[in-house]
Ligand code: PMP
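The data below hold one chain only, encoded as structure tokens and taken in the form predicted alone.
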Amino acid sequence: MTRSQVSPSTTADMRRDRVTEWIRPEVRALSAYHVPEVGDLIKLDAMENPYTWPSSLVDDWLETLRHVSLNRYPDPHAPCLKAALRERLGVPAGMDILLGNGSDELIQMIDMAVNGPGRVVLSPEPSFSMYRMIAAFTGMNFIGVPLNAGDFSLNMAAMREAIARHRPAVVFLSYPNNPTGNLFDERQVCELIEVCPGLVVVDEAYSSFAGRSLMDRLGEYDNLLVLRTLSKMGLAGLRLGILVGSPAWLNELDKIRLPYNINVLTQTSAEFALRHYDVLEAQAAQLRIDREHLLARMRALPGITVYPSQANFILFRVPAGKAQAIFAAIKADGVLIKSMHGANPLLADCLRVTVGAPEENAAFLTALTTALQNVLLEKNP
């Protein structure tokens, strides 16, 4: 049979069979990371900073970019940017910095570096979904250890048992934890670092809103790395992840880093932003105030459980079986938040909202109040 005689349906079947043959089963079982369309909605689903730079600062930034040479590759080591980060983040003496295209790339580099037959990635859950997904990308086994159901704290007995049984190559701890918003007990985190045979990566993506960090404890533990990002402080569009730790670890991880992974526009823009770090810090301080106001208003509403937060988002639980309806009603009123229902058994009936600017928070509260009133009316006709 010639190619022209093969029917379209047969060709499609052949393509599917080839995909099935060559794409790893664990990859085919995954769903791609979903980013919803926003349109004209108020966007409170992705833990972004709602505040922009002052116009005068934007003008200065654009002037800085005029001097960037786009025809040349960026400096692969970004020494000026690393020096600025070292100062602003309080990196201890003797520790090194590795940069990634967002913290996701750094997580992937870590998993690739420690991978081997039967090796395990371990994390408490629910937590950042990419810990599990990137383990699958890299062909590693992932072990999720459930948090305590009441307050999402670490179940230390379960964590100790899982570490002893699986001897994980790397443990990821989100500090504060996403999507629950709570800050794990520092003494318990340090205990896990001590008993873990492999790496422990403390992911401090939301440290600007918690006021707590393990950065100054890097010298105490030879298996501790601290992961940071500038995304939550208002630079999400730059996609800059920062890994801090001993040169003994980072020199090995650097071998996996793709050449020129931090583009010249990101390097220049991040250096500029760090020269004006006071603006970012002031915005983070305002968001902490906004968070407390939003928490108080939400706790006054009937029918929901609002969990404490040390991040720039708030997790809350709505009446049983109503999460999707309330999510849809809030969206219909023009506000996009995140439904966590179905992501993990401990997140049943849970939704998550990013702390926005005051007018955005007010719009969300109005939409949430209306949705809850409609739900309560359905329950009590």
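Small disclaimer: the values here were computed from a predicted structure and weren't measured. Note that residue numbering begins at 1 and tracks the sequence as displayed.
Omitted here: the form predicted in complex with the named molecule. The next part is about that form.
Q) Which residue among Glu281, Asp75, Asp254, Asp104 has a heavy atom within 4.5 angstroms of the named molecule in the predicted bound form? A) Exactly one listed residue reaches within 4.5 Å, namely Asp104.
Q. Between the options Phe152, Trp249, Tyr131, Phe209, which residue brings a heavy atom to within 4.5 Å of the named molecule in the predicted bound form?
A. If I apply the 4.5 Å criterion carefully, the residue I get is Tyr131.
Q.
Heavy atoms within 4.5 Å of the named molecule in the predicted bound form: which stretch in 112 to 120, 96 to 104, 267 to 275, 302 to 310 meets that?
A. Looking at the other structure, the answer is 96 to 104.
Q. Going by a heavy atom distance of 4.5 Å, is Arg239 a contact of the named molecule in the predicted bound form?
A. Taking the distances in the predicted bound form, the answer for Arg239 is yes, it comes within 4.5 Å of the named molecule.
Q) Does the named molecule get within 4.5 angstroms of any non-hydrogen atom of Leu192 in the predicted bound form? A) Looking in the predicted bound form, residue contacts with the named molecule do not include Leu192, since no heavy atom lies within 4.5 Å.
Q: Report whether the minimum heavy atom distance between Ser174 and the named molecule in the predicted bound form is within 4.5 Å.
A: Taking the distances in the predicted bound form, the answer for Ser174 is yes, it comes within 4.5 Å of the named molecule.
Q) Can you check whether Leu183 is within 4.5 Å of the named molecule in the predicted bound form, heavy atom basis? A) Judged by the heavy-atom cut-off of 4.5 Å, Leu183 is well away from the named molecule in the predicted bound form.
Q. If we check the named molecule in the predicted bound form, which of the residues in 174 to 207 reach within 4.5 angstroms of it by a non-hydrogen atom?
A. Heavy-atom contacts within 4.5 Å come from Ser174, Asn178, Asp203, Ala205, Tyr206.
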